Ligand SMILES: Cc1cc2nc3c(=O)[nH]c(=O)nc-3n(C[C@H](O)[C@H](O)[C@H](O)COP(=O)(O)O)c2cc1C
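Have a look below at one chain only, the form predicted alone, in structure tokens format.
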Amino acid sequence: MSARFDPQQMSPGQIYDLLANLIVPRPIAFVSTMSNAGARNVAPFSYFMLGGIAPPSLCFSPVRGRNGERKETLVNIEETREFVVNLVDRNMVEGMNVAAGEYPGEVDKWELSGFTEVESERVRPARVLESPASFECRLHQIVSHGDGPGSTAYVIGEVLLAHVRPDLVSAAQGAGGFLPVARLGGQDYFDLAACGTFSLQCPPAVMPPQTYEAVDNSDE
């Protein structure tokens, strides 16, 4: 007989542990955005999925922080209605992990992570040169679910243009071959290329405890 878990009787941490450890593996969307004022941002999200194909769409979910604050990524997309989803392989995990840290808004996570900006063709935010595949997206809709700490927004974007590394073109056409990194529970990841797991420590918080955002090291 299966154990029963009632979210109404669980803490947010318990709910996260239950879901994040069972709904695995999760691909990582490394999302680059820009504000109306031109401030750039890049951050990883493992609450991420393919949408449809006619038109092509993607969806990811930035979860609100412990004080109910909206993430920079979400705020930027609300302003500009544009973003780029960059996929993550093993060579990118250290920089991706740095970008998942808790920083004041003025900190440039592009610079911290060490990734290279490449100008996009159809949206303002840059794409990540080191990513094996990047998708320039226009916002279709934001669907909010809940209000306050731990609530989320489902960001649905229409794919306008895809940039795929040449050696993966046949894979993208159905032959297989792309081996990304995926999120598991806690600090664990799965490397499809190595068929094994590894762990990453979250970067140390650099914001005061009363203001920094609660992250799971993948939901910025």
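One-based numbering along the sequence shown. Since the structure is predicted, the reported quantities are computational estimates derived from the model, not experimental observations.
One more form of this protein exists, namely the form predicted in complex with this ligand; it is left out here, but the text below deals with it.
4.5 Å heavy atom contact, residue 136 and this ligand in the predicted complex | No, no contact at 4.5 Å.
Does this ligand get within 4.5 angstroms of any non-hydrogen atom of residue 82 in the predicted complex?
-> Because no heavy atom of residue 82 falls inside 4.5 Å of this ligand in the predicted complex, the answer is no.
Touches this ligand in the predicted complex: residue 101 (any heavy atom, 4.5 Å) = Residue 101 belongs to the contact set for this ligand.
Contact of residue 61 with this ligand in the predicted complex (heavy atom, 4.5 Å) | Yes.
Can you work out whether this ligand is within 4.5 angstroms of a heavy atom in all three of 35, 124 and 155 in the predicted complex?
-> Result no, not one residue of the spot touches this ligand.
Consider the chain as shown here, without its partner, and state which of 86, 113, 120, 73 has a heavy atom within 4.5 Å of this ligand in the predicted complex.
-> Selected option: 73.
Scan 29-56 and write down, in order along the chain, each residue with a heavy atom lying within 4.5 Å of this ligand in the predicted complex.
-> The stretch 29-56, when checked against this ligand in the predicted complex, contributes 41, 43, 44, 45, 46, 47 at the 4.5 Å heavy-atom cut-off.
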